[in-house]
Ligand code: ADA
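The chain below stands alone and is given as structure tokens, in the form predicted on its own.
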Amino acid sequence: MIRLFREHKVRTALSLDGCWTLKPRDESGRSFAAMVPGVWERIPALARYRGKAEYSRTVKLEKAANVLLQFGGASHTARVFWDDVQVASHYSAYTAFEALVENAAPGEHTLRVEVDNAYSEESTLHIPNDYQTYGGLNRPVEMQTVGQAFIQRMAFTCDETAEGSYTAHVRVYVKAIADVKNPTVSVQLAGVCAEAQVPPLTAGEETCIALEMNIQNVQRWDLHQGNLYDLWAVLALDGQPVDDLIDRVGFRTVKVDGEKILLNGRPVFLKGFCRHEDHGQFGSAISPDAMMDDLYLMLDMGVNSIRTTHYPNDPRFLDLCDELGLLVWEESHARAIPGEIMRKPLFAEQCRVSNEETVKQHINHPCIYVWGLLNECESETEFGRSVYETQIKQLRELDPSRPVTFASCRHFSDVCLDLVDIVSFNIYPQWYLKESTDEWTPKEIAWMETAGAKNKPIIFSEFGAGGIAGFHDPFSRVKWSEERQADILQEQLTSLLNNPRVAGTYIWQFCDVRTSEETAWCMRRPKVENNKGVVDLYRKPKLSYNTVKAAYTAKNEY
């Protein structure tokens, strides 16, 4: 399953997860049995392989059908072939894509996916970086069959009209494969039904049907209260259901009011972690039970929010955050992109697509309270400002219901703070900076107020320190020891959690992660890992785990 719940009652769907044949594009001629979802680095012979590899398997159709292949993700560039005919291509490891095969014949067919995780001129977002770009089909794959027309996606937002009552705004996007007459779309949500006539569609045409529904007597989605409702859309032709789509939504409001972030009208303080999709055993293809293990650990430490650094996360992880009532800062893919790469023609287009896919695919998750973008990029120059301005405008057009932010490290020089709804900064007092947090933050906040942050919430979106798991020095407490990491986090948290100007904090980071050996970052990363996690790659807690737990559980979230 692409999601953690049933998405269809009318459309047929078959999971293609399981064992595929994997062949690296090298001189060896080797082939392997590889699990999907998965990354090929789990295979010892491919632990350091970077380049192209081909996944293949046989699929069988009992009768002729329009086949819709759904890919949760491929890292990082993919070309899809159905019986040696290319039917799709996609760039980015962290968003889903699909391939439509019209009128496929009954019988056996060969499905091949060429996946490439190499760094190249054609890739401006997947570059050598402070996290690993794995190779493989890293998220689930599903084969669906559709008729003459089908529902591509839905978008849901809501406005609260009274306590427990909302106006739901639902958009249903329909695509025709053949000419269709008399289509209708009906929607069910929280016991309320709505229906709309769809104009006749010609083959290849797409349309959007907008409906408004008055919903009463529902339970709010709130912190630690994952009250979810099925949003079910059905497409009918001549009165007969031919397709459907189910998503889960929550009724809640998010607003920015001066220096406060309001959830359901109440100021909320964000106690969070930055989290990479990386695991010592699974790489970036993390199973749902391992995702839940991560969430249990973070909840035990008193967390109420997670930042998806530095790319959109697996929707199954977001499903779990929906269920648990955890707020999510969802970030489109871009981290510390050098200025020369930002100026390449492909950069603007690849960012545009990343932003669009992120919002369109994840807009219905109630857990997402803010969209983030362009972490630690060139926000101190006029060129950088033009890039941020363009992309922030795009995000607001895609989803006017949520605020926008970005995490900056351009201390005392950023020229983009006036563009966002929430101002966010990454700081590392006593790690990269000599000053204490009490010394640094008043200066930084005073400058922020003059640079666009006045009357806006301020979040410290990264802070922390490195600690190599198992390295102890209880007497000297030198850098990289677990003791020094705990000391620094204690000092940072004490200062930030008691600063009335701060609206939220995100510790860098939840777990240790592998970094790219092809970058200079690895020269500052023992074990070729970013060791700032409070748990290691395999989720073994460090001393700082209890430091964070004590600080976060003592801090009120409302």
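If you're wondering where the values come from, they're calculated on a predicted model, not measured in any experiment. When you see a residue number, it is the position in the sequence shown, counting from 1.
One more form of this protein exists, namely the form predicted together with this ligand; it is left out here, but the text below deals with it.
In the model of the complex, every residue of the candidate spot (310, 428 and 532) has a heavy atom lying within 4.5 Å of this ligand. Of the candidate stretches 355 to 363, 193 to 201, 234 to 242, 368 to 376, only 368 to 376 has residues with heavy atoms within 4.5 Å of this ligand in the model of the complex.
Proximity to this ligand in the model of the complex, taken as a non-hydrogen atom within 4.5 angstroms, holds for one residue of 330, 314, 278, 130, which is 130. For the options 414, 482, 462, 322, the one in contact with this ligand in the model of the complex, meaning a heavy atom within 4.5 Å, is 462. Interface residue remark: residue 432 is counted as part of the site for this ligand in the model of the complex, having a heavy atom within 4.5 Å. This ligand in the model of the complex comes within 4.5 Å of a heavy atom belonging to residue 525.
Within 4.5 Å of some heavy atom of this ligand in the model of the complex lies at least one heavy atom of residue 508.
Taking the partner from elsewhere, residue 248 is found to have every heavy atom lying beyond 4.5 Å of this ligand in the model of the complex. Although this ligand is not shown here, in the model of the complex the stretch 333 to 361 places heavy atoms of just one residue, 335, within 4.5 Å of it.
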